[in-house]
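Here we start with a single chain on its own, the form predicted on its own, put down as structure tokens.
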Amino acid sequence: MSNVVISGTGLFTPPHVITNAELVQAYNAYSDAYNAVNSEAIDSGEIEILKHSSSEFIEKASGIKQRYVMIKDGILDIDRMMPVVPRRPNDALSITAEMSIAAAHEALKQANKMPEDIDLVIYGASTSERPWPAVAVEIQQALGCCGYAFDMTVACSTGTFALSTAVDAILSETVTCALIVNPEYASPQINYRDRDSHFIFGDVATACIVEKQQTSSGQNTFKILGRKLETHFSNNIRTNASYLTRSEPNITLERFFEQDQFFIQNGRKVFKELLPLICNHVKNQLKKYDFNINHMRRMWLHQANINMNMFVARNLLGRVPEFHEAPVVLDEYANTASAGSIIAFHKYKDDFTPGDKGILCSFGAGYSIGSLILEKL
């Protein structure tokens, strides 16, 4: 048990929406054009025909109905199928810093804090727009925070791993108050030409303020009662996008558009291997702290896939969950990687009364699993 709390949360929602119907129309038009150009190779069996997608298929497979994106231009253009992201000059604010700062302002307001009260900024996301300088340091400077800052990633679990890292820093008295931001700018990493993954991700940013209970003055504060982190290596969720790609022998422009340069996964293996790990992880954590699932009013789960979420919640509860027990936001936001469970927590925590408990749990590539037991103060 600790006396560290989450005293504020924030959410930045990007300005543009792409519906399933829009994505499907673009993908199907692309597949028709591809099949026409490659008809001879398809007929001879050299390559496979591209099958159409549908809104019904997407919703059944994932629970997703739409997603938000920072830049819509280019995504639905079948000759491009990626966002048109203008290069910003080095002295301009980075796009993920901009997203993070918008979420941070709401979190600071909730926590009744000023930027100068923050002496640690952690940028935790599944991807970063550059290796260095750390975007966290840019955010620190732009907001006017003190102390130090760094970037980190554990893919979709980075939200909970970053929160736990902030708790350790506070308990060690290295810092007094931390800002964690989770800017997920996923749309440039999506292969919109791939039927199995073109619909999965959306853009978003979340933020949390973490501090000692004694210094907290927010009106909606949650004490962190327990933490548990766990990793198991797997290639079943992966990307090979890297500066090393351009160093490969006989490199061509087409190499940068091959499937492994985007998000790739073996969904069946992920479902089979990761779900039991998640359920055991949560059960063991609850047992360690002398709780059971009935002590938890709510599960704020990683918003990966409706079928995964329902499997975890049903396994833990022993029955089909009510919406308020495991709220879902991926129908609106899609999979937002490290930010997903934080969005669920941000949007579905205000009805808690003092003493109510919940568990914040994320999981994803790695495999990685992180969870925090929270109690409303």
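Numbers follow the displayed sequence, beginning with 1. These figures come from a predicted structure and were not determined experimentally.
There is also a form predicted together with a small molecule; it is not shown, and the following applies to it.
Heavy atoms within 4.5 Å of the small molecule in the predicted bound form are found in exactly one of 97-105, 263-271, 116-124, 285-293, that being 263-271. Though the partner is left out of this view, residue 195 does reach within 4.5 Å of the small molecule in the predicted bound form, counting heavy atoms only. The small molecule in the predicted bound form comes within 4.5 Å of no heavy atom belonging to residue 26.
In the predicted bound form, the small molecule lies within 4.5 Å of some heavy atom of residue 364. Although the partner is absent from this view, residue 329 stays clear of the small molecule in the predicted bound form, with no non-hydrogen atom inside 4.5 angstroms. Though the small molecule is absent from this view, in the predicted bound form it lies within 4.5 Å of a heavy atom of just one residue from 209, 162, 200, 135, which is 200. For the options 111, 139, 156, 205, the residue carrying a heavy atom within 4.5 angstroms of the small molecule in the predicted bound form is 156.
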